[in-house]
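Have a look below at one chain only, the form predicted on its own, in structure tokens format.
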């Protein structure tokens, strides 16, 4: 059984400990707490270089030191603190950095509330288990045979067909009914590739609808989107060796993932609100009466500095949008402000939970919105890489990883 070391503060008092353990058990993992003697805590805090006021935070530090010095064996690390605690947020991030500097264990950090449920943690736990159990598969650089991948996303469904490491067919459409959307995407991707479904040697599926689609299509691989998307991103960007950071702004949430040689080692996902997602940009485009494909060009022609827009909450963001238009601001400036608001929230919420590594690869459907890429460039101070077919990362990753089931 996969052992996930839990470094946390307040999970017992907030009532979420049972939810954490439930999420881990669903994916075949067990939450464990590194053993710490009382005499070890002061020494650990001194080594760490920061002494928090909370005894539980000191315990978190001591457990992290046990892992760093290999006094306790674990396969992955889950670091969590209450989102209301500023000191907890500081310690959580520094512990994450400390563990990464001293071990090669995959790490995920999480800010919980008393309403956190196992379903919200499931993708994160599944990703940790996948990284541990399928590390060799994730590290493969080439796809072999004829495979197909389907990304059953919240907003769009994508399919891609790959033969011997070359894309030969792809298709996407808005997600309606999950299974029919997946079947239509796959049918059209196969038509472009000029092959029949019976010729496909393996199918991989990811995304929100992966379980029902995977069962329907008898997929060889049914896997969460964090590891699949990272695989597709580094393959499409030709950055499977060395380090990279992946920023994936999706339809309902966003992800920031760091990788070494194609293998994720730290990731964070989601936000406080859908204001930092493609959904917010869709709402903005609709309010401006333009197609979402036109929003990027509008944003590039505008000046975000003329407008104060906060997409920390999608409702407040739309209120700012309406107010800005009522004040006579141009739709170009509003579009630019919307893109920068999303970029700013991603920086404040997601990118503070990882150490950004070069290069930065920007993917997902929103990477096709040029104004969104410009906004990320302004925030990061550098041009992100936007690979060809960047919106197909999930489908590409699923097809790539499915090829690993052809041997034998």
Partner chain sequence: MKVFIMPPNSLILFDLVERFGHEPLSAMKAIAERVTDLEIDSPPINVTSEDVKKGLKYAGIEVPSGIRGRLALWGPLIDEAEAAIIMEDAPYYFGCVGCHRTNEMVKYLLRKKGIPILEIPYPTNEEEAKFMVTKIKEFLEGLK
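Note that the coordinates shown come from a computational prediction; the quantities given were computed from them, not determined experimentally. Numbering follows the first chain given and starts at 1.
Same protein, other form: the form predicted together with its partner chain, not shown, and the subject of what follows.
Student: Between its partner chain and 300, 350 and 376, in the predicted complex, does every residue show a non-hydrogen atom at 4.5 Å or closer?
Tutor: No: none of 300, 350 and 376 comes within 4.5 Å of its partner chain in the predicted complex.
Student: Counting only non-hydrogen atoms, which stretch in 121 to 129, 107 to 115, 207 to 215, 255 to 263 is within 4.5 Å of its partner chain in the predicted complex?
Tutor: This holds for exactly one stretch, 107 to 115.
Student: Using 4.5 Å between non-hydrogen atoms, is residue 9 touching its partner chain in the predicted complex?
Tutor: Judged by the heavy-atom cut-off of 4.5 Å, residue 9 is in contact with its partner chain in the predicted complex.
Student: Would residue 87 show up as a contact with its partner chain in the predicted complex if we use heavy atoms at 4.5 Å?
Tutor: Residue-level check for residue 87: yes, a contact with its partner chain.
Student: So in the predicted complex, is its partner chain close enough to residue 42 to count as touching (4.5 Å, heavy atoms)?
Tutor: Heavy-atom contact with its partner chain at 4.5 Å: present for residue 42.
Student: Any of the heavy atoms of residue 370 lying within 4.5 Å of its partner chain in the predicted complex?
Tutor: Although its partner chain is absent here, residue 370 would stay clear of it in the predicted complex, with no heavy atoms inside 4.5 Å.
Student: Let me know which residues along 6 to 31 have a heavy atom within 4.5 Å of its partner chain in the predicted complex, or say none if there are none.
Tutor: Those in contact are 9, 10, 12, 13, 14, 15, 17, 18.
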